[in-house]
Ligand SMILES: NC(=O)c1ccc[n+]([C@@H]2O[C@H](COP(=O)([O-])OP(=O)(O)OC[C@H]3O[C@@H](n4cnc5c(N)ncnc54)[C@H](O)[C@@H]3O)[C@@H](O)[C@H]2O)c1
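As structure tokens, one chain now follows by itself in the form predicted alone.
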């Protein structure tokens, strides 16, 4: 793989959930490699000021838009605004997601629907909208979904999240097949226990849970947001021209565990 500095010069990245820990780490990694970066999130614009200032010190064009990815029209308007300002996005990172702790017996219909609309539908809206623009422009691109090892491992306390991430994985594969002949490569990074976001806040507030998580993971450590960003950057490398429809599993060996071991 080429060195990251300047690797993405001239490219435009669009990242949903851009103000979360993983979104911020991805934005930094892609900007440091030369990309212009567009961030979207549901948080107020003031919450983006520090990250935008940081990215601008790198000399990269950047912008922030407040957008609900569950709203297809809002996502389309966001993509259009980014294209008019920074250029057509050719590095697409559907990252926005939520999770609510409730098992299948107690989860409400509203919570189930909300998680699927954001975690799955939101990914589809961003990926499809950007892919259409790339196809119209006859331009190559990369789509990197932020999935989860929970896509193929049931978790009693987060069934809607598991179902949504399983859907994201099949969406990734369908788009990879559909877009391959247009040189739009589609892949997924699937983390395990991340020391960031919701899980990171839980681990910080309850050190005992952190210790248990670290003990369960075969490599005995949690994943950082920067590690996730590293794998996203690798999948955006223009020298990587054949990898599509793949899952980069970054779970420290969690998926190797069974009740017997």
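Positions refer to the first chain, counted from 1. As the structure is a computational prediction, the values presented were derived from the model and not from experiment.
Same protein, other form: the form predicted together with this ligand, not shown, and the subject of what follows.
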Next on the checklist: Looking at 43, 230, 28, 63 here, can you tell me which has any non-hydrogen atom within 4.5 angstroms of this ligand in the model of the complex?
Outcome noted: 43
Next on the checklist: Only one of 58, 198, 216, 234 gets a heavy atom within 4.5 Å of this ligand in the model of the complex. Which one?
Outcome noted: 198
Next on the checklist: At 4.5 Å by heavy atoms, is each residue in 120, 172 and 238 next to this ligand in the model of the complex?
Outcome noted: no
Checklist entry - Out of the stretches listed (189-197, 205-213, 29-37, 49-57), which one is close to this ligand in the model of the complex, meaning heavy atoms within 4.5 Å? => result 189-197
Checklist entry - Does at least one non-hydrogen atom of residue 143 fall within 4.5 angstroms of this ligand in the model of the complex? => result no
Checklist entry - Do residue 21 and this ligand come within 4.5 Å of each other in the model of the complex, heavy atoms counted? => result yes
Checklist entry - For residue 147, is any heavy atom within 4.5 Å of this ligand in the model of the complex, or not? => result yes
Item to check | Contact test in the model of the complex: residue 158 vs this ligand, heavy atoms, 4.5 Å | outcome: no
Checklist entry - Can you tell me which residues in 84-102 come within 4.5 angstroms of this ligand in the model of the complex, by heavy atoms? => result 95, 96, 97, 98
